[in-house]
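The chain below stands alone and is given in structure tokens; this is the form predicted alone.
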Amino acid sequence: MIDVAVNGYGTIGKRVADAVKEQDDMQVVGVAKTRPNFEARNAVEQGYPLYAAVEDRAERFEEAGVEIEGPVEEMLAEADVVVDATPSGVGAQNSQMYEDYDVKALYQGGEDADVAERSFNAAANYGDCVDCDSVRVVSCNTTGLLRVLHPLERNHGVGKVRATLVRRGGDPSQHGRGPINDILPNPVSIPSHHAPDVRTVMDVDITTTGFKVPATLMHVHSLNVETSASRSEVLETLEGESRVRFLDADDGVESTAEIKEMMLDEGRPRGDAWENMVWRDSVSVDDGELYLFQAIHQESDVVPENVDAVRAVTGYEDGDESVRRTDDALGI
């Protein structure tokens, strides 16, 4: 049994903890929070041992009536792997602590690539990350791009890739980022950071541009990929990927809001969409160029990737089997 600690029990951390809990080969030995908010109370109610991420704030938990087990260092002493789901930049600050406690470390895409030995995507480079001491699970958008580009490259080859990312202004709970009434080139310079991030995992000629819009539910990508594949071959290839899901016109799902509603109706925890959501009608090939639209749920698509990364760094060599086990446990 792999003992997993989660440092940072927020948007990503709480989802990763719940996903780890569902696996038959790993368990959550603790989660850490910086303050005793509703998420900290929920962690205790869920039965997760709760630790103070910052030792000198431990008394705040006691004052708020939230029971903790001790400081984060005690949690690390119990763990084989720590998933760092702290805000961007904090993971790099924590890296020496993880080394001191000789615990394998998983970082999130908000960190710079050099925080870890490798960047990680289950489909694209699982094998390269086996037995690494640290990996960085790439961002939600980079994960979404790799899930499409890697199987296309593997089966058909790809040339130039151009991707426009329409990005949510903030997560649903990030009220500090709004209210907003704006469309923001983000960044104004080209490419956006996503193209270099993709290349930390996969050697591909890609240019990305990004816009932030006044929305909270999901991102949307418009992809243009040079390839020799026909439309039917593209569909066949991507239908073989468990973490790519097609939306059909007959389903009446034309927007990200309807995707979220569909996930809630299906009973997904928190309405999460772990897969890329590709509109089938958008898939077209014209003179060697593929076009498609896909929606990426920024709060959850990296969650199964974190689970697979736990197995990779602890020496589980079969990436395809890890993906199958993760997906089966989550219901993908």
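The structure presented is a predicted model; accordingly, all values stated were derived computationally and were not measured. Residues carry their position along the shown sequence, with the first being 1.
One more form of this protein, predicted together with another copy of the chain, exists but is not displayed; see below.
In the predicted bound form, Ser255 approaches another copy of the chain with a heavy atom inside 4.5 Å. Another copy of the chain is not drawn, but in the predicted bound form it has no heavy atom within 4.5 Å of Glu67.
Proximity of Asn37 to another copy of the chain in the predicted bound form: non-hydrogen atoms within 4.5 Å are present. Not displayed here, another copy of the chain is kept clear of Arg243 by more than 4.5 Å at the level of heavy atoms in the predicted bound form. For the three residues Lys160, His175 and Glu261, a heavy atom within 4.5 Å of another copy of the chain turns up in the predicted bound form in every case.
Of the candidate stretches 301 to 309, 49 to 57, 22 to 30, 287 to 295, only 287 to 295 has residues with heavy atoms within 4.5 Å of another copy of the chain in the predicted bound form. Interface residue among Pro196, Gly89, Gly127, Pro185, judged by heavy atoms within 4.5 Å of another copy of the chain in the predicted bound form: Pro185.
When another copy of the chain is considered in the predicted bound form, only one residue from Ser228, Ser222, Gln93, Ser232 comes within 4.5 Å through any heavy atom, namely Ser222. If you take 111 to 125 and check each residue for a heavy atom within 4.5 Å of another copy of the chain in the predicted bound form, you get nothing at all.
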